[in-house]
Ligand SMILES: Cc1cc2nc3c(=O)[nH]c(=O)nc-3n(C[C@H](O)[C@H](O)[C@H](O)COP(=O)(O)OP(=O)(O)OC[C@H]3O[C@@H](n4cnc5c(N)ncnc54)[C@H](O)[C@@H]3O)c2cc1C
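Only one chain comes next, encoded as structure tokens, the form predicted alone.
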């Protein structure tokens, strides 16, 4: 795995794909060439624009191609992400990456991705890469409501699969949670990314059915390289470990869960 690179990346596109949500594409060949599914970048404006908020933000890599293009799913959660959603083609952003530990897939076992909200992003990349290697992939994707659902046509274009959709209010897809009414007959390897309550539910599901589970945790990060220690999670041995460097992908058995 190559060392992360700090690079200025040119904005190639910024399109609305759901309520308060953008799909942003950047040109950054060095990071694209080194990236693996499950890794992330720290993205910001650097010293060229020091208006608050100053710190960069972490984003899972959602797509890459051979021309050095990277894709990111960016949802407005506060002032920092709001500024990033306002970029236009031709602007430049400073990114550091690829960072973190990626997913590790068994090629002889089907892959079932359980995505909550913007936790969908890494599974677009996972699906594209895994299908290229001949793995069968399913994505079960949950949102609060239909207006927050990521453009399904673009999901199909990037990931190569149609997600099985769930919404809390039933306004689009089936009503319910991503773990509801799952077909686990082929005993797939489970991958999950989303809010902590969803991850805890996925841990219960995996334990009940004796299935392997990897999780990508969504912790606040200030640096992405283990310096600020703002993203720690509790390991199964009772130690606090940094999700930016020792994760963000973990085997579920590596962490302590209050299920």
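The shown structure was predicted, so the numbers you read here are calculated from the model rather than taken from an experiment. Residue numbers count along the first chain shown, from 1.
One more form of this protein should be noted, the form predicted together with the ligand, which is absent from this view; the next part is about it.
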Contact assignment for the ligand in the model of the complex, among 206, 221, 63, 28, heavy atom within 4.5 Å: 221
Residue (of 148, 101, 138, 75) lying close to the ligand in the model of the complex, criterion heavy atoms within 4.5 Å: 75
Answer range among 177 to 185, 148 to 156, 87 to 95, 117 to 125 for contact with the ligand, defined in the model of the complex as heavy atoms within 4.5 Å: 117 to 125
Residue 189 within 4.5 Å of the ligand in the model of the complex, heavy atoms: no
4.5 angstroms heavy atom contact with the ligand in the model of the complex for residue 217: yes
is_contact(residue 173, the ligand) in the model of the complex, heavy atom dist at most 4.5 Å: no
4.5 Å heavy atom contact, residue 58 and the ligand in the model of the complex: yes
